[in-house]
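In the form predicted alone, a lone chain appears below as C-alpha coordinates.
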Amino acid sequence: MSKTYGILALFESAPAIYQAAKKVRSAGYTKWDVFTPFPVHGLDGAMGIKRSKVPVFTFIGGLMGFTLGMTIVWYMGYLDYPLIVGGMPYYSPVFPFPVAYELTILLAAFGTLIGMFTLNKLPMHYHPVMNYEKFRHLTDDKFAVVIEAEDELFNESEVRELFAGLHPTEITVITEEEKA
(Lines give C-alpha, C1' and ligand atoms only; values in the text may rest on other atoms or scores of the structure.)
Protein backbone atom coordinates (compact mmCIF):
# COMPACT_ATOMS: atom_id res chain seq x y z
CA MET A 1 0.00 0.00 0.00
CA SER A 2 1.42 3.39 -0.92
CA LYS A 3 0.40 6.95 -0.22
CA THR A 4 1.28 10.26 -1.84
CA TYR A 5 4.47 11.80 -0.44
CA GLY A 6 4.33 14.91 -2.60
CA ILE A 7 4.60 16.37 -6.07
CA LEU A 8 7.94 16.80 -7.83
CA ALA A 9 8.74 19.30 -10.58
CA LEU A 10 11.85 18.62 -12.66
CA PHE A 11 13.94 21.49 -14.05
CA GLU A 12 16.92 21.72 -16.40
CA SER A 13 19.02 24.56 -14.96
CA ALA A 14 20.18 26.26 -11.78
CA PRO A 15 18.49 29.60 -12.60
CA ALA A 16 15.20 27.77 -13.17
CA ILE A 17 15.40 25.96 -9.82
CA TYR A 18 16.35 29.21 -8.10
CA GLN A 19 13.27 30.98 -9.48
CA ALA A 20 11.09 27.96 -8.65
CA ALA A 21 12.31 27.99 -5.05
CA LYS A 22 11.47 31.68 -4.72
CA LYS A 23 7.95 31.11 -6.12
CA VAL A 24 7.25 28.09 -3.88
CA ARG A 25 8.43 30.02 -0.81
CA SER A 26 6.35 33.08 -1.71
CA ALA A 27 3.32 30.81 -2.23
CA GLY A 28 3.55 30.01 1.50
CA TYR A 29 4.54 26.34 1.47
CA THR A 30 6.56 25.21 4.47
CA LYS A 31 7.21 21.49 3.85
CA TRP A 32 9.15 21.33 0.63
CA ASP A 33 12.69 20.71 -0.54
CA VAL A 34 14.99 21.23 -3.50
CA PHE A 35 17.28 18.58 -4.99
CA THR A 36 20.30 19.72 -7.01
CA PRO A 37 23.39 17.95 -8.37
CA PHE A 38 25.67 20.69 -7.01
CA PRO A 39 25.39 23.65 -4.60
CA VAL A 40 23.50 26.59 -6.12
CA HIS A 41 24.67 29.96 -4.83
CA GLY A 42 21.90 31.80 -3.00
CA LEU A 43 19.44 28.90 -3.06
CA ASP A 44 19.29 28.68 0.73
CA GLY A 45 18.23 32.33 0.83
CA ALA A 46 15.63 31.77 -1.88
CA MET A 47 14.27 28.85 0.16
CA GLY A 48 14.22 30.89 3.37
CA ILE A 49 16.56 28.54 5.21
CA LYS A 50 17.89 30.03 8.42
CA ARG A 51 21.46 29.82 9.65
CA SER A 52 22.54 26.38 10.87
CA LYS A 53 22.56 25.60 14.57
CA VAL A 54 25.62 23.33 14.27
CA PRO A 55 27.97 26.06 15.60
CA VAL A 56 26.05 25.93 18.90
CA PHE A 57 26.96 22.23 19.21
CA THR A 58 30.57 23.11 18.33
CA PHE A 59 30.71 25.83 20.99
CA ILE A 60 29.21 23.62 23.68
CA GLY A 61 31.64 20.80 22.82
CA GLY A 62 34.59 23.20 22.92
CA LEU A 63 33.47 24.69 26.22
CA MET A 64 33.09 21.21 27.71
CA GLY A 65 36.57 20.26 26.44
CA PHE A 66 38.21 23.35 27.93
CA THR A 67 36.40 22.88 31.25
CA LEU A 68 37.27 19.18 31.35
CA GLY A 69 40.96 19.88 30.63
CA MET A 70 41.21 22.49 33.37
CA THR A 71 39.24 20.36 35.83
CA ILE A 72 41.39 17.26 35.25
CA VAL A 73 44.61 19.15 36.00
CA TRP A 74 43.06 20.98 38.96
CA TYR A 75 41.80 17.72 40.45
CA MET A 76 45.12 15.93 40.03
CA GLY A 77 47.32 18.80 41.21
CA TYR A 78 45.19 20.24 44.00
CA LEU A 79 43.08 17.36 45.39
CA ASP A 80 44.34 13.97 44.25
CA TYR A 81 48.10 14.40 44.65
CA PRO A 82 49.09 17.84 45.93
CA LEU A 83 52.81 18.18 45.58
CA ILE A 84 54.83 21.35 46.08
CA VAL A 85 57.52 21.53 43.41
CA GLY A 86 59.91 24.47 43.44
CA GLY A 87 57.50 26.66 45.41
CA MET A 88 54.87 26.59 42.64
CA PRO A 89 51.18 26.60 43.55
CA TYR A 90 49.12 23.41 43.49
CA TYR A 91 47.14 24.73 40.56
CA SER A 92 47.72 27.46 38.01
CA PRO A 93 45.70 27.95 34.82
CA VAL A 94 48.91 28.44 32.83
CA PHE A 95 50.23 24.88 33.19
CA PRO A 96 47.18 22.89 32.04
CA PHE A 97 46.57 25.11 29.02
CA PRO A 98 47.98 22.63 26.41
CA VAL A 99 45.75 19.84 27.79
CA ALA A 100 42.70 22.11 27.90
CA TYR A 101 43.42 23.42 24.39
CA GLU A 102 43.65 19.93 22.91
CA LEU A 103 40.47 18.78 24.65
CA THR A 104 38.73 21.95 23.43
CA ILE A 105 39.60 21.09 19.83
CA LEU A 106 38.70 17.41 20.23
CA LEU A 107 35.31 17.91 21.88
CA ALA A 108 34.44 20.81 19.55
CA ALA A 109 35.00 18.46 16.59
CA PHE A 110 32.84 15.78 18.23
CA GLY A 111 30.18 18.40 18.96
CA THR A 112 30.21 19.44 15.30
CA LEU A 113 29.76 15.85 14.13
CA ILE A 114 27.00 15.14 16.65
CA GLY A 115 25.24 18.39 15.75
CA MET A 116 25.44 17.70 12.02
CA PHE A 117 24.14 14.15 12.36
CA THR A 118 21.37 15.19 14.78
CA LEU A 119 20.10 18.24 12.89
CA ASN A 120 20.30 16.54 9.48
CA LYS A 121 18.51 13.46 10.85
CA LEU A 122 21.33 11.20 9.70
CA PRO A 123 21.75 8.42 8.87
CA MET A 124 18.72 8.44 6.58
CA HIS A 125 18.91 5.26 4.53
CA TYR A 126 15.69 5.89 2.63
CA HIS A 127 13.82 8.89 1.30
CA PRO A 128 10.57 8.71 -0.71
CA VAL A 129 12.10 10.81 -3.53
CA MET A 130 14.33 7.80 -4.22
CA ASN A 131 11.20 6.10 -5.63
CA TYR A 132 11.27 8.58 -8.54
CA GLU A 133 12.44 6.71 -11.63
CA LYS A 134 14.76 9.56 -12.69
CA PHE A 135 16.25 10.03 -9.21
CA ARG A 136 19.79 9.34 -10.42
CA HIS A 137 19.54 12.42 -12.68
CA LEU A 138 19.03 14.59 -9.60
CA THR A 139 22.61 13.80 -8.61
CA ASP A 140 23.92 14.31 -12.14
CA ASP A 141 22.31 17.00 -14.28
CA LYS A 142 18.69 17.72 -13.25
CA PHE A 143 17.08 19.88 -10.56
CA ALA A 144 13.84 19.24 -8.68
CA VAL A 145 11.45 20.86 -6.25
CA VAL A 146 9.22 18.62 -4.11
CA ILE A 147 6.25 19.92 -2.17
CA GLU A 148 5.23 17.39 0.49
CA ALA A 149 1.63 16.27 0.93
CA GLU A 150 1.94 16.92 4.69
CA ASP A 151 2.10 20.68 4.05
CA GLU A 152 -0.97 22.51 5.35
CA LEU A 153 -1.47 24.29 2.01
CA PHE A 154 -1.06 21.13 -0.08
CA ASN A 155 -3.73 20.65 -2.69
CA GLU A 156 -2.71 18.51 -5.65
CA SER A 157 -4.42 20.65 -8.29
CA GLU A 158 -3.05 23.92 -6.83
CA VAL A 159 0.48 22.52 -6.61
CA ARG A 160 0.29 21.28 -10.20
CA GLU A 161 -0.96 24.71 -11.28
CA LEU A 162 1.89 26.44 -9.43
CA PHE A 163 4.46 24.11 -10.98
CA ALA A 164 2.93 24.45 -14.46
CA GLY A 165 3.46 28.22 -14.25
CA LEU A 166 7.17 27.59 -13.61
CA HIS A 167 7.58 25.61 -16.86
CA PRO A 168 9.25 22.43 -15.57
CA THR A 169 10.17 19.60 -17.91
CA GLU A 170 8.08 17.19 -15.85
CA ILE A 171 5.60 17.13 -12.96
CA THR A 172 5.30 13.83 -11.09
CA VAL A 173 3.51 12.52 -8.02
CA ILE A 174 5.94 10.85 -5.59
CA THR A 175 4.58 7.97 -3.51
CA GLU A 176 5.93 6.27 -0.41
CA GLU A 177 5.26 2.90 1.14
CA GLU A 178 3.12 3.04 4.26
CA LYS A 179 4.69 1.58 7.38
CA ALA A 180 2.92 -1.49 8.69
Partner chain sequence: MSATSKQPSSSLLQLAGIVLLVIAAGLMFVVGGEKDPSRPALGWLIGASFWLSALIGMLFLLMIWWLFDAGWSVILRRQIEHAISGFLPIGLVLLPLILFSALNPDSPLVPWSWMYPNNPVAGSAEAVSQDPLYLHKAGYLNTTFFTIRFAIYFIAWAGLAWLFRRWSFMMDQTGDHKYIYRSRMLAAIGIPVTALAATFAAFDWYMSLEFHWFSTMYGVWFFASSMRIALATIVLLMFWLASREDGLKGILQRTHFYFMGCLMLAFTIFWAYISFSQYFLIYSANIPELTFWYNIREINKDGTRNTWFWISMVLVFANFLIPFLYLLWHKNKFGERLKFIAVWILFFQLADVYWNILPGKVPYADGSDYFQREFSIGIVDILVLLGVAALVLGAFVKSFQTYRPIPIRDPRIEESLNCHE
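Numbering follows the first chain given and starts at 1. Keep in mind that this is a model prediction, so the values were computed, not measured.
Omitted from view is the form predicted in complex with its partner chain, to which the following refers.
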* Evaluate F154 for contact with its partner chain in the model of the complex, applying a 4.5 angstroms cut-off between non-hydrogen atoms, and reply yes or no. => no
* Could you tell me if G28 has a non-hydrogen atom within 4.5 Å of its partner chain in the model of the complex? -> no
* Check each residue of 101-128 against its partner chain in the model of the complex and list those with a heavy atom within 4.5 Å, in sequence order. => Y101
